Every structure is written in C-alpha cells, then in structure tokens.
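As a starting point, one isolated chain is supplied in structure tokens, in the form predicted alone.
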C-alpha cells in the first residue's frame, strides 16, 4: 500500500490571523447589545438576527479547525487557540449566557464522543447504551448534591430495621473477608475447577451483600443529620465525587461488559441497547433515590470563591459564576481526555483494540486477551461519560430519566460517525457540528420559519431527526470515513483505489502530521521495548 503523494501547502499564517480577527470582532459585536445598538439600522438587523448569530458563532469556532488544519506558524496557532477559548468566548458569554451554555454542551458531547470513540472507533464494539454511563455520573452527584440525600436519610431513619453500629462492623467484616477470598482465589494458578468457580461466585455475592450492609448502616447512622443536609452535602465534596463518578461509571461499564462482551456485531449492539434502557428504567423506578420521573432539582456545584472574585472583577453577573467555572473545568477535562486518548491510541492496548476491531480470531491468535481488552475499552469510555455526566448535572441543576433516553446514545454515536471513527480531532469536530446544528442553527431556522407563518410541519427545529438522518445517509454514501478521518481508517476504506487516501484539498484530508505518521499495524510491536503504555506496566 503506497503512501499518497502530498504537496506541501503554502503558509497561511497571515490568512489565519486575519480570519480569526474578523470573526472574533463579529462574534463580540453580535453578542454585545450596546455595541450592536451603536451600529447602523441595516447592519444592526443583520447581526441581531438569531440565524446570523449562529452562523457567526460557527465561523468563530471554525478558527480552531483552521488552526489545526492549515499550515501556519506554531505561535499563531497557539495564540488563536488561547485567545478564542480563554478570551473571546468568555467575553461573549458574559454578554450572552447562551454562548456559555452552548460551549459547555459542545465540550460535554466532545468528551462523550471521545469516550465512545474508544469503544466503537478503536475497539469496534458497537455500544448503543453508552448514555447509561453518562446517567450514572449525573445521578452520583445529583443524589448527594441536592435535597434528595435528606429524603433518603429521613427514610432510613424511620425504617432502620435494627441497623446500627453492630451491623456496620459486621458489614465491614464480611466485605474484607470476601474481598480477601476473591483475591486469593484469583491468584491460584492452574486450571480453575468447578469448586473454585463456585467459591468465586459465592465470595462475589458475599462482597456485594457486605457492601449493601455497610451502605445501609451508614445511612441509618447518618439519619439524624437529615435536616442539616436539606440542600445536599457541602459543595467542597464536588471534587471527591467527580472522582467517584468516574469510578462508578467505570465499574458499571465493567459490570455491563462482563456478560455481553463474548458477543459481537449486531448481537452486542442489541444487548447494550437493552442494558442502557435498564439503567434508565431503574432511574425511573428507584423513586427513593432518583425521585423517579419528577427528577432531582436543584443540584449544587462546587464553590470556587477565588474564581468568583475574578469573575466579579471582570463584570460577570452572579448567575454566570457557575457557568464560567464549569466552562473552564470542561476545557481542562477535555485536555486531559485528549491526552489520554492520544496516549492510548499509540500504546500497546490501543493496538490490541484495533486488532480486535479488525479480526477477533487473529487478535486472539496473536495473544490478545479478548475479554480483558474489551473490558478496558468499556471501562475507559464509561469513565469519560461519568465525569461529563456529573458536570452536566451541575450545569443543568436538574436531571431526570428523560435526559438519558436512547436517542441521546444515537446522537453521540452519530457524532463519532460524522467526525470519523477512530479520529480524535474528527470526533471533536463531529460533536461540535451536531451540537451547533441541534442547539443553535436549527432553533434559529425554526424562529425564522415561525415568523414567515409557514406550517409547523416544515419547521426545521421539529425535523431534527430527519435532518440528522439525512446527513448520516449522505455521509455513508459519499464520505464513509467521516469529516476528519484518521489516516488508518481512510486507507482501509479506500483500499484498492488508485488514490487510497482522501484528497489534500478536502476537509477530511489528513494534516501534515498525520500524512507523515506511520500507519500502525495491529500486530506490530511498540517502537521501544521499554515504552510505557496506557494499559500496560
């Protein structure tokens, strides 16, 4: 498979800076009411139009894509990324909170897409229940960060059932004993007998029973504090529960993955779809913990006094402090997730995922442990969703089972397919495109349609599923590798063609870095024998 001939593109530093300056100015003027009012009436009407505002916002965000794709000086790319994300967007968000809200939503869905990209794009496991992990993270914080915790403690105080300090100690003893038994059984060498398997299952059951007993005892002992927790626990525990949300989602990913990962293809998709629905139904029926279909509200967030003081000095209103904090937190988490993705993609575990995606039998013959490798993919993708679920709950201050329906899983999957499966920048682009279309462009078109007195049936905002379905069909017909595909995926899809890679002029052509990158082989060893990889030590 010969590498395509590439022509070095011209340096576009000046053009990049010019476009960034113009779109940034338009962005600020279109969102600032006083600046907009100072313009001539004609220009004021144009820039004040909701659809034009959406298009200006889209062009402004495209600066980040241009900075990534175009050949330009590194300092110019860094300058544009920093100014756009840390100056212009917060500035516009101060004048219009909807910009902050949209930016946070794009970040949340970008992180979800990166997580699903590991499961679907790298490991080739079609997961239609991915939004369940998002729900786990959201409910972990919603329950303790709201008055729902007080209701739970009040219930256990009135229905203690004799639980107390004694049952807490008993639960701890059972938990420690069964955990030690599980470790001891797992370390036994040789073929596992039926007695050993039965003992392992019995110890696992005992571990679950011990944990339940411990949790119930803690609830009963903490019941007298119910009144003091009427608005949830102290917001400073936000960071602890962010880690717990990641851990809980990863554990649920493993528990869901264990019984289904021996399946593949359509069977795996159907099973994950069903298990995703199970999580939503549980959220709907466990009324004591989730408040059922009524949902949980209000949900608190982390107090960050020093950031609030800075925001006040910069002119942000008090109700925007939390949005600014969550926006910056999403940026930090996106950066961490991208680094983890890059590290995993180039690691031994990443190559094992690709080997499984291409041919499970061959991968197993090469020594790849199928179930363990798949479980790592499920747990890693789920952990990203858990973190973003908690941020989603803190931003919305309300969660209900309706926030985690099947359509949300399909939406995240469409972002991955649209951007390019297996491509980190591609799935981020896909998430941005779908989110902007869904939350900004189509609602704006809907407003215009309403003013024209057109039938509600042709309102674009009501036809979102039709529009997204049409886009996906067109993508599969004309560009199945996605908007910004990975070189590896593009070469596979264009194998046998004279030019087996996308053209350099198209938006999906690989960047200069990708064009010179080595297309990893699934069976190829890491570059250095002592290279530390994401999944191996």
Partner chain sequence: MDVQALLSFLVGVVVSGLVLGFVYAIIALGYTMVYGVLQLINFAHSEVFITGAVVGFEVFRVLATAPINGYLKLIIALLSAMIISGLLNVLIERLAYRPLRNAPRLVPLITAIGVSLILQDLLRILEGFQGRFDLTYTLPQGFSNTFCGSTSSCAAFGSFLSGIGVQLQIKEVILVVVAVLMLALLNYIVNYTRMGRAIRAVAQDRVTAGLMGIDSNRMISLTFLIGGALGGVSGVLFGLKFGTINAYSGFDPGIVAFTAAVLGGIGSIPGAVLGGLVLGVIQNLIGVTNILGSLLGIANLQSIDASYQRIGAFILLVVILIVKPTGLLGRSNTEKV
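From a predicted model like this one, the values you see are computed outputs, not experimental measurements. Positions refer to the first chain, counted from 1.
What follows is about the form predicted together with the partner chain, which we do not show.
A.B. asks: Could you tell me which of 271 to 279, 293 to 301, 136 to 144, 330 to 338 sits within 4.5 Å of the partner chain in the predicted complex, going by non-hydrogen atoms?
C.D. replies: Heavy-atom contact with the partner occurs in 271 to 279.
A.B. asks: If you check 97, 82, 285, 73 against the partner chain in the predicted complex, which one has a heavy atom within 4.5 Å?
C.D. replies: For this set of options, the contacting one is 285.
A.B. asks: Which listed residue (227, 361, 158, 195) meets the criterion of a heavy atom within 4.5 Å of the partner chain in the predicted complex?
C.D. replies: Checking each option against the partner chain in the predicted complex, the one that comes within 4.5 Å is 361.
A.B. asks: At the 4.5 Å heavy atom threshold, is residue 124 in contact with the partner chain in the predicted complex?
C.D. replies: The answer is yes: residue 124 has a heavy atom within 4.5 Å of the partner chain.
A.B. asks: With the partner left out of view, is residue 463 within 4.5 angstroms of the partner chain in the predicted complex by any non-hydrogen atom?
C.D. replies: Result yes; residue 463 sits at the interface with the partner chain in the predicted complex.
A.B. asks: Is residue 472 close enough to touch the partner chain in the predicted complex, meaning at least one heavy atom pair within 4.5 Å?
C.D. replies: Flag for residue 472 set to yes.
A.B. asks: At the 4.5 Å heavy atom threshold, is residue 410 in contact with the partner chain in the predicted complex?
C.D. replies: It does: once the partner chain is placed as it appears in the predicted complex, residue 410 has a heavy atom within 4.5 Å of it.
A.B. asks: Identify whether the partner chain in the predicted complex is within 4.5 Å of every residue in the set 28, 443 and 448, based on non-hydrogen atoms.
C.D. replies: Verified in the predicted complex; spot residues all out of contact, no.
A.B. asks: Give, in sequence order, every residue of 90 to 106 that has a heavy atom within 4.5 Å of the partner chain in the predicted complex, or say none if there are no such residues.
C.D. replies: Not one residue comes within 4.5 Å of the partner.
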